[in-house]
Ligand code: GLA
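Next up: just one chain, as structure tokens, the form predicted alone.
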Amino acid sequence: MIQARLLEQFKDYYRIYGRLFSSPGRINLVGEHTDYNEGFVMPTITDQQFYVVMAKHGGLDPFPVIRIFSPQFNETVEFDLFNPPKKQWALYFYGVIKEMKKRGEEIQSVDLLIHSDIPTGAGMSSSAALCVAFAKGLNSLFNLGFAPLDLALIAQATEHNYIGVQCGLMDQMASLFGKKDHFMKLDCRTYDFEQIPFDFSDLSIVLFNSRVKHNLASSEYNLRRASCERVVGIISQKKEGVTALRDLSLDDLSQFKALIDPIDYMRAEYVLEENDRVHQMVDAIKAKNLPLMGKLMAASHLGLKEKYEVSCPELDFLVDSANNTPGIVGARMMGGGFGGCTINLVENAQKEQFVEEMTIKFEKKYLKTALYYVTTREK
């Protein structure tokens, strides 16, 4: 097993025994870009994990030193808390520690070995899984006493303050509270959630990778959030109790259309429609209404493509191709956008044919090897 191998690699490299912590990747059925608008989302966890093996370092360092070894990339990074690491990926570890220190906790020197089987840049939240796994490890190793919600907020603050991504809390909450074979309807204002059983033995969830690496730290992601906040700022001056798009209905929004920049209006309209789709998806799953589930996924993709403008030609091609391939129930882009994966609900009876035909279509169009992941397997 991979856990035993990683523990052995840690012992061989550092000459001490370590403890292993992990957090899963995340997929999202519907509810995209709604979390930072205090809306609703519907994620679940994947089998893929981010692993951290760690132990306190017993040396006489004058101040805390963090050593990170990645056997995957045969790379070692070392930094202290007064000098941020130069490697972008190591800033996540640095940020988690700094956020814990802000909350009054002291972290001593620690040795790490890391490994991930979550595809990076695929919209499966590998960065949130990294932060959560490391935060869980520090919390346990140093007996810090943080509650799971605290760890989610620490991981989110790391993205905000050290990576520059003004993300919501969906990814971190899913990584900490997600349940296999369930979709979590999460209220991103109160953090209350309901686990919705995904009891479809005749369906699989298949992800197809666009092979386009997205960068959520890019200006486009943060611009979408700023656009939504401008709408809230305008309407809150005219209507009491509005602190987020969550507080508005589509009728409320339309009343103030003349005051709002057309692009900002379009973004806000998408978010409100997407919130409604989450509520409808819960009802559709409980009723096992497959046609409605597919319709909601199609509407979500169209909104992300035309109103929120975060899709790309490769994602659109994969969705269009899926909708013209036997066995499909529903398809849409998933994640922050500008690349990553599509999520597809596929009938098990035609899953192999679906994957084969989609692979051929993608490789013929883009001359790249198609990558796919089956996250819910036939039972």
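Computed from a prediction, not measured in an experiment: that's the story for all the values here. Residue positions are given as counts along the sequence shown, with the first one as 1.
The following text describes the form predicted in complex with the named molecule, which does not appear among the structures shown.
Although the partner is absent here, G335 lies within 4.5 Å of the named molecule in the model of the complex, judged by heavy atoms. Within 4.5 Å of any heavy atom of the named molecule in the model of the complex lies no heavy atom of V110. In the model of the complex, the named molecule stays beyond 4.5 Å of every heavy atom belonging to G340. The named molecule in the model of the complex comes within 4.5 Å of no heavy atom belonging to G303. Looking at 313 to 321, 64 to 72, 349 to 357, 29 to 37, the stretch with residues near the named molecule in the model of the complex, meaning non-hydrogen atoms within 4.5 angstroms, turns out to be 29 to 37. Only one of the listed residues (G121, G137, G168, G95) places a non-hydrogen atom within 4.5 angstroms of the named molecule in the model of the complex, and that residue is G168. For the residues Y162, F193, Y221, Y265, the 4.5 Å heavy atom test against the named molecule in the model of the complex is passed only by Y221.
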